[in-house]
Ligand SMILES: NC(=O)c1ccc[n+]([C@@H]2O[C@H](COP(=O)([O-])OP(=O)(O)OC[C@H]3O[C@@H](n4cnc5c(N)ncnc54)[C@H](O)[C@@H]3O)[C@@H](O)[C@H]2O)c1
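Heads up, the chain below is alone and in the form predicted on its own; it's given as structure tokens.
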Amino acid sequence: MMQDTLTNPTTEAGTTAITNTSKPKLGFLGVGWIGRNRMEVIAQHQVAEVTCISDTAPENCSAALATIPSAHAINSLDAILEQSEVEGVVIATPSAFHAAQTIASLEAGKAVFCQKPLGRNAAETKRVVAAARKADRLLGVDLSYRHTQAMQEVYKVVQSGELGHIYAVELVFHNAYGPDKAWFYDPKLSGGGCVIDLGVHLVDLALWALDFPEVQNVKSHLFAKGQPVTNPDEVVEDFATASMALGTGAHLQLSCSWNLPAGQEAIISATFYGTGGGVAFKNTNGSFYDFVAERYYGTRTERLCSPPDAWSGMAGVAWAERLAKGEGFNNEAEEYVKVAEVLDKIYGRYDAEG
């Protein structure tokens, strides 16, 4: 299951490999399939040195070391933080641990790249961003779809003004599968269901492309196994819809799910409609990995880009490149808080006007 103001990280930098003679040394906390993928992509692009890894599952450590034999395994985050040469920590652990582990790393003087969600709610996310600001350390979150070529093309069109007044955005992420780890289904550990797992990506893409306008009102409907969810603090949703009104006058409509009989593995899209036409980021043939960008003119469609696109793990590469340049805290981290606040409103965690 799938799950930085950016331009394409392989174009603006000119090359994905940094030219500095000294690469930042990184520790990796959690090297299951996502963590190991991020580690391998960072290593392949030669933007940082993988120094040490830690995982509670010995088989994960063995698999990671087979890929990066120069690294060494240690038994905890504390052990990683004690490594004076480590400049950054890449975290890919269950969601319940993200905030505390990120804050501990920042307070130890390390930059952090963390899997989403950064926090299970806006309050946790705010504490993490405040810790990054206080420590003056670079903070990144794996909002990976920003780094697809297709979304980069969509971003360019939206930012160009060619669409005129953008009045509607449709966001969809339906997954025919569901998470295979028990903690995903405990809201105390996960922070929620399909919205915080999948919807977070789409909310981020829409707000990012639109320069993070004010979200004035949110109305949502959550379901679990076909029944309305009345207490999202006790039950995680597997289907959700949400309507969001923006200060610009635009309307965002979100729909996301786990285990949906969608007729294919996944349906993923972010479509922007304006008075001058439309543009869309969408997957092809039910794929979690292959995306296209399309520009719409009435009944005519123009394809802006097509697969293949080696985007997986590129968010980590971009973060490592910035770390290599000596970048500290960046105010862009406040975007993580803005997205978390919208998710809180979808879950009804505080008044939708608040």
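These figures come from a predicted structure and were not determined experimentally. The first residue of the sequence shown is number 1, and the count goes up from there.
Quick note: we don't show the form predicted in complex with this ligand, though the next part is all about it.
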- Task: Would you point out which of 247-255, 260-268, 214-222, 97-105 contains residues with a non-hydrogen atom within 4.5 Å of this ligand in the model of the complex?
- Result: 97-105
- Hey, in the model of the complex, does residue 46 get a heavy atom within 4.5 angstroms of this ligand? no
- So in the model of the complex, does residue 55 come within 4.5 Å of this ligand, heavy atom to heavy atom? yes
- Is the gap between residue 140 and this ligand in the model of the complex 4.5 Å or less for some heavy atom pair? no
- Query: Heavy atom to heavy atom, is residue 51 within 4.5 Å of this ligand in the model of the complex?
  - Reply: no
- Message: Please tell me which of 147, 126, 116, 110 lies within 4.5 Å of this ligand in the model of the complex, judged by heavy atoms.
- Response: 116
- Query: What is the one choice in 63, 310, 34, 305 with a heavy atom within 4.5 Å of this ligand in the model of the complex?
  - Reply: 34
- Item | Residues in 160-178 close to this ligand in the model of the complex, defined by a heavy atom within 4.5 Å, in order | none
